[in-house]
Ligand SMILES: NC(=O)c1ccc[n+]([C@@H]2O[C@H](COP(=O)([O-])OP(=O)(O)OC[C@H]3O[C@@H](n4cnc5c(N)ncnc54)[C@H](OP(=O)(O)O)[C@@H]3O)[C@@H](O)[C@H]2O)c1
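Here you get one chain, nothing else, as structure tokens; it is the form predicted alone.
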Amino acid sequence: MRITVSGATGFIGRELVIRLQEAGHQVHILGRTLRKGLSPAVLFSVWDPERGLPPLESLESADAVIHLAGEPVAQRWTPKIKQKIRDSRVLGTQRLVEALGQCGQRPKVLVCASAVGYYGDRGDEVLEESAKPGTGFLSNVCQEWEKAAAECGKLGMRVVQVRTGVVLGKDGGALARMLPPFKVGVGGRLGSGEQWMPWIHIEDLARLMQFAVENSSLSGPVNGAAPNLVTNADFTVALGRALSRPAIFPVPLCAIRLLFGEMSEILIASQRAVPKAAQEAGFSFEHPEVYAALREAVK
């Protein structure tokens, strides 16, 4: 298959492109600037989602589009950054859909990234994909983001929105930010640690996105989270074990809010998101247990 991928040079995108190529797919990357080290087999087109439409030639020849592009969420949320987070996702997706609408021969499927932040802070409630959205900035962004992607349904395309949890993998993502304090033995739970923390190994997330492209039975929202959920306290204990370090220094809520401001809501929110849609469609996780996943990610 010919698959166009936006955000392909990011943490998740790099893993995904490698996997797609290994599966024999032809990959066409959409990005702001051409990066060094790309495989000669990879096609590349320039696209800044905040400035205009992607080039039609990158879409008309594709069988599928995977849309990952977006401003990083893990930074302090100033008003300017919040606007960039929203616009890069919502306006970027709207422009992608507009370009797809102009294609004479459209791809059959759009797989668009989303996030478990869609659900907001929900305590112990079990969250299947049919659960109602939550409240707050990130939830509102995710709702607009998914709504923009869903417009492709009117174009006759199948649409899958992958609501991603905390992604575990080498050399990037949330884990790279967590490791330094744990490596020196001062890591620990955030706040009470009772909040549910949906997580997924990066290899499983890339496999899930590929699965979403290749399996027409899957459509609509899909929770990109491992089936064996853990609380933040359980996660930090597992990470400490994986590093052979203690995890006994909790970070108080007041300190989290002082350090991260409004962005702290994604660190302390509880989302007990289960991957019902993926499993019912026949997807199996290669990294279902958090300790084993962390061991593999930090080795």
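This structure is a prediction, so every number in the text was calculated from the model and none was measured. Note that residue numbering follows the sequence shown and begins at 1.
Absent from the display: the form predicted in complex with the ligand. The rest refers to it.
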| property | result |
| --- | --- |
| 4.5 Å heavy atom contact, G165 and the ligand in the predicted bound form | yes |
| is_contact(F11, the ligand) in the predicted bound form, heavy atom dist at most 4.5 Å | yes |
| The ligand contact at S114 in the predicted bound form, heavy atom, 4.5 Å | yes |
| Exercise: R32 in contact with the ligand in the predicted bound form, heavy atom 4.5 Å | yes |
| Selected contact from K170, K84, K108, K183, since only one has a non-hydrogen atom within 4.5 angstroms of the ligand in the predicted bound form | K84 |
| Heavy atom within 4.5 Å of the ligand in the predicted bound form - the one residue of E262, E50, D63, E57 that qualifies | E50 |
| Interface stretch in the predicted bound form with the ligand - options 247 to 255, 262 to 270, 66 to 74, 233 to 241, non-hydrogen atom within 4.5 Å | 66 to 74 |
